[in-house]
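Let's start with one chain on its own, the form predicted alone, as structure tokens.
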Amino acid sequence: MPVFRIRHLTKYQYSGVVRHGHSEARLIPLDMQAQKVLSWNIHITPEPRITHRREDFFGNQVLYFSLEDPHQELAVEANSVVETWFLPLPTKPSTRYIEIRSRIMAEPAFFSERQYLLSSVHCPLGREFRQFFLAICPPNTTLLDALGRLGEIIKKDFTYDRHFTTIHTPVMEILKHRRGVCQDFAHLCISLFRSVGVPARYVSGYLETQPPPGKEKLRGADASHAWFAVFDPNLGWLEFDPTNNKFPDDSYIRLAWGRDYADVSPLKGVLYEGGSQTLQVAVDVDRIAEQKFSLISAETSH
């Protein structure tokens, strides 16, 4: 089981003076079935007057902080050490996707999954999405097979293009032009699956930056990464990375999840004054030898 050290540095520079501001950081990885957070810390400059850690509606760890001194630069450095392990795909039969919505709506045990059937900020529903999906996956297709077919289409027909979109580009433009980056492909797949009645959620996180020997470097590995998960009543949540056409393995580190990017933005807030701003983000993900971990403090701090 690999252990990763992750450093995520975010810097804002402002054209004017920020008098004070209130922000939230979702930069503490998830403790979940496929990974364990061994340590974390977040350093903020200038030093906040107030910090408070909480868990949001989706189970993500959130650090609120308040800056009350005038400043023209904000730096947030998140460091964490995370152990991950590979979870093989379930061996039980997958549900036909056409049957999932009726089961979700009929069984009280799946009440919380119903929210992931609805349209959200970045993942609208629509006839165009449903028609695109049905052309690839006939109604008798199982959910696992649908993931594989959709992954092949994105690999074959879509272009990874860092310059084509911003976070505000409508997902319909991604479908029309068949270009985008990992968050675009995740949003598109969520819209497609929700449009045929399958709960789908957005997952943000990281990939290790160094590929295994003899393997090509995965796209998106030099920055934070995004993929999605769908819900099968028989199998539970199934994650899939459409950018790289694969089911996540132990090289993936989960940071947060929600309905779409709006729920998991690593850093967001409200500023008073400050003018225009420039943003710099740097992410390093390093696999560290497990025998060296005993030298690393597991104390959490913020």
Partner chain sequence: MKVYQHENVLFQGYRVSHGYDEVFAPDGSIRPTYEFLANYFFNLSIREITNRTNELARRLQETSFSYSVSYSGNDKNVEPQNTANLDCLPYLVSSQEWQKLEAGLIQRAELFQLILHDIYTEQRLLRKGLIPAEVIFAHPGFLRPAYRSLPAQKSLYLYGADLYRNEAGEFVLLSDITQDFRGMGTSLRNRIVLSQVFPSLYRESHVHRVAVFFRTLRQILRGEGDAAVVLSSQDNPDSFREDAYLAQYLGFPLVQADDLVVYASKVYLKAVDGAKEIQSIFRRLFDAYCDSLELSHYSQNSVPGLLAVQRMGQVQIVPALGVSVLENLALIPYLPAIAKYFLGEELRLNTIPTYWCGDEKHLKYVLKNWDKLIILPIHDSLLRGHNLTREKSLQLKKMVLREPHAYVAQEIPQLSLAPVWQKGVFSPAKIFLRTFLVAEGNSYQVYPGGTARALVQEEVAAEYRKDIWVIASEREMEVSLLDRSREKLVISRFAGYIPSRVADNMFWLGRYLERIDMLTRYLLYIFDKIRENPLAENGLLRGVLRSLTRLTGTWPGFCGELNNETQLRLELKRVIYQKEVAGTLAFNINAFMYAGRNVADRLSQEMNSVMGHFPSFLQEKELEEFMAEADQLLNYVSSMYGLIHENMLRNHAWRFLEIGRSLERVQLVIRLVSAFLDDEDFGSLEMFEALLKIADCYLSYRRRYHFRVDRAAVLDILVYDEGNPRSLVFQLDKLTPLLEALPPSGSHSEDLAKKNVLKTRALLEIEEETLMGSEASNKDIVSLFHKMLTLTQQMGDHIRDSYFRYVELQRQLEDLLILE
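Predicted model, so just to flag it, every value in this text is computed and none were measured. Residue numbers count along the first chain shown, from 1.
The same protein also exists as the form predicted together with its partner chain; that form is not shown, yet it is the one meant from here on.
*Asks:* Which among 133-141, 91-99, 150-158, 114-122 is in contact with its partner chain in the predicted complex, heavy atoms within 4.5 angstroms?
*Replies:* Of the options, only 114-122 has residues within 4.5 Å of the partner.
*Asks:* Would you check whether its partner chain, in the predicted complex, lies within 4.5 angstroms of a non-hydrogen atom from each of H52, A226 and E273?
*Replies:* Yes.
*Asks:* Just one of Q277, S251, S39, Q61 has a heavy atom within 4.5 angstroms of its partner chain in the predicted complex, so which one?
*Replies:* Of the listed residues, the single hit is Q277.
*Asks:* Is L207 one of the residues lying within 4.5 Å of its partner chain in the predicted complex, judged by heavy atom distances?
*Replies:* Yes.
*Asks:* Answer yes if any heavy atom of Q183 is within 4.5 Å of a heavy atom of its partner chain in the predicted complex; otherwise answer no.
*Replies:* Because a heavy atom of Q183 falls inside 4.5 Å of its partner chain in the predicted complex, the answer is yes.
*Asks:* Since only the chain is shown here, I'm wondering whether T165 would be in contact with its partner chain in the predicted complex (any heavy atom pair within 4.5 Å).
*Replies:* Flag for T165 set to yes.
*Asks:* Wondering, does I44 line up within 4.5 Å of its partner chain in the predicted complex on heavy atoms?
*Replies:* No - in the predicted complex, heavy atoms of I44 and its partner chain never come within 4.5 Å of each other.
*Asks:* In sequence order, which positions of 230-262 have a non-hydrogen atom within 4.5 Å of its partner chain in the predicted complex?
*Replies:* The stretch 230-262, when checked against its partner chain in the predicted complex, contributes T243, N244, R259, Y261 at the 4.5 Å heavy-atom cut-off.
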